[in-house]
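One chain follows as structure tokens, the form predicted alone.
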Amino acid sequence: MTTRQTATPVDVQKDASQVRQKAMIARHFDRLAAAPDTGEKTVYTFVPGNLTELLLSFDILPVLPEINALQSAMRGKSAEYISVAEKLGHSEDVCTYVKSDIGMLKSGNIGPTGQRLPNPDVLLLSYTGCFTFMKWFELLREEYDCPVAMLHVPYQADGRVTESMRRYVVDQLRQKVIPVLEQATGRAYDEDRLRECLARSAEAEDDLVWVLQSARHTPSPIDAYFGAVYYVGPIFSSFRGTPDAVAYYRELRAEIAERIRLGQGPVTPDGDLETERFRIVVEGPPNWTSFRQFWKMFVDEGAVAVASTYAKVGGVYDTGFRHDPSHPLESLADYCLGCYTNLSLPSRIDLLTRYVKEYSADGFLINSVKSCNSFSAGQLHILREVEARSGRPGGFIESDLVDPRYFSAANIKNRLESYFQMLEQKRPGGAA
């Protein structure tokens, strides 16, 4: 059984697992707001390649700037924050996540729950294929007087992780990252505690992969792009390795299993999708300033995302990776090396082609975001290659992460309607 709440203009209908998730997030931000008084330590870090289990083993609370930026957009605050950043000299071409975060920082650093975020005790960057993270990190370093740690992660140019790459990352963890965390927290590294966190991560990851792969069913019980935003939230942010994450994904899996049993499609902002007309694979991040409106364009066409690369930006678990408590630091290294933004273009093409075939997709769609180089670089090449290899038609739309100036609803709607009409015509018995 599931329980739902009535949707609001900026939210979707909520199952019990989402109610649980909302409470988890609220508790986390309450702890962050109280940290200056309680003495709890905090770290600013990023989603791809985050070392959440290691941080938890030191009892240090993560703050993730990308999450703050996208939440600001969903709350209608990002335009104001971006304006503040641009007045400070940041170019229009700079990643809008960065500008939203910097603008929020300069406007009082009020987080998604309306509470002020604490200054960090540590800045921790795991570089995983996004050069912008390094520049963003430099900007944060100018703002805060605290220890800094950078984990350099080699790029998977040849599409594989070598032992030398793994050892390079592990050596940095031992010699660079862990000493900084020990200095900031006054705690010694506790590998047994890290192992406990990693075991919980693996348990939650098993359930997440089961949920994402449930989209192989017809009809798909989930939307693996818009809906997956909620599904991946805990594991991509501050909760991987926690008992809360284990409980959340166990509950989510049970809900999706019930939807499969009942033959139901995914939950959308307007309720259950009654008819699945199109199955698509989506490449690229979503737009956050008009998230509900963007999603509804797909719902109105009966289009369901059965797989997406954005749902892998914090970990490509469905290729078999799990955090391994028997090899804790090596496992963290493999996780960082395998994040989607750290994969080569040939690897991304292979993954997308596999998704189109395995999930019986009618086509695939790219949402290109100019200011997000981690995704947009090479997307036209990806489009041509996946189309050729899969035999399924590709589509291309453009929007932005969190800048409302670059979301043209009419343009995107027209392109989507044309694309879905083309899919319909290419079906056996479709219009000539």
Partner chain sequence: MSADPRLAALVDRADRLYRDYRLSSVRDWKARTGGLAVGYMPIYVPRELLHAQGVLPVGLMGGRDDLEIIKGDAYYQSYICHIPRSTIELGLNGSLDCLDGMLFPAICDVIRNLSGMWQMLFPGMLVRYLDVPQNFDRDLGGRFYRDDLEQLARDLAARGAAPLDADALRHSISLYNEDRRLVRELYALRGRAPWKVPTHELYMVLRAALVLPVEESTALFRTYLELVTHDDTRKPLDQARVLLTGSFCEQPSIGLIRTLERAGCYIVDDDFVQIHRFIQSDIPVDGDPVENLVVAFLTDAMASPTRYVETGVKGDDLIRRAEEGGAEGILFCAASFCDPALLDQPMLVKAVERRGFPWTAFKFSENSGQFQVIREQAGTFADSIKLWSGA
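As the structure is a prediction and not an experimental result, all values here were calculated from the model. Residue numbers count along the first chain shown, from 1.
There is another form of the same protein, the form predicted in complex with its partner chain; it is not shown, and what comes next is about it.
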For this session: Give a yes or no on whether every one of P36, L56 and I60 sits within 4.5 angstroms of its partner chain in the predicted bound form by heavy atom.
Result: no
Testing 183-191, 152-160, 303-311, 258-266 against its partner chain in the predicted bound form with a 4.5 Å heavy atom criterion leaves exactly one stretch, namely 152-160
Handout entry: R27, heavy atom within 4.5 angstroms of its partner chain in the predicted bound form
Key = no
Mark C130 yes when one of its heavy atoms lies within 4.5 Å of a heavy atom of its partner chain in the predicted bound form, and no otherwise. yes
### Task
Mark G89 yes when one of its heavy atoms lies within 4.5 Å of a heavy atom of its partner chain in the predicted bound form, and no otherwise.
yes
Check your understanding: in the predicted bound form, does Y144 have a heavy atom within 4.5 Å of its partner chain?
Key -> no
Only hit among L139, I110, M74, A202 for heavy atom within 4.5 Å of its partner chain in the predicted bound form is L139
From E358, E80, D171, D272: within 4.5 Å of its partner chain in the predicted bound form by heavy atoms is D171
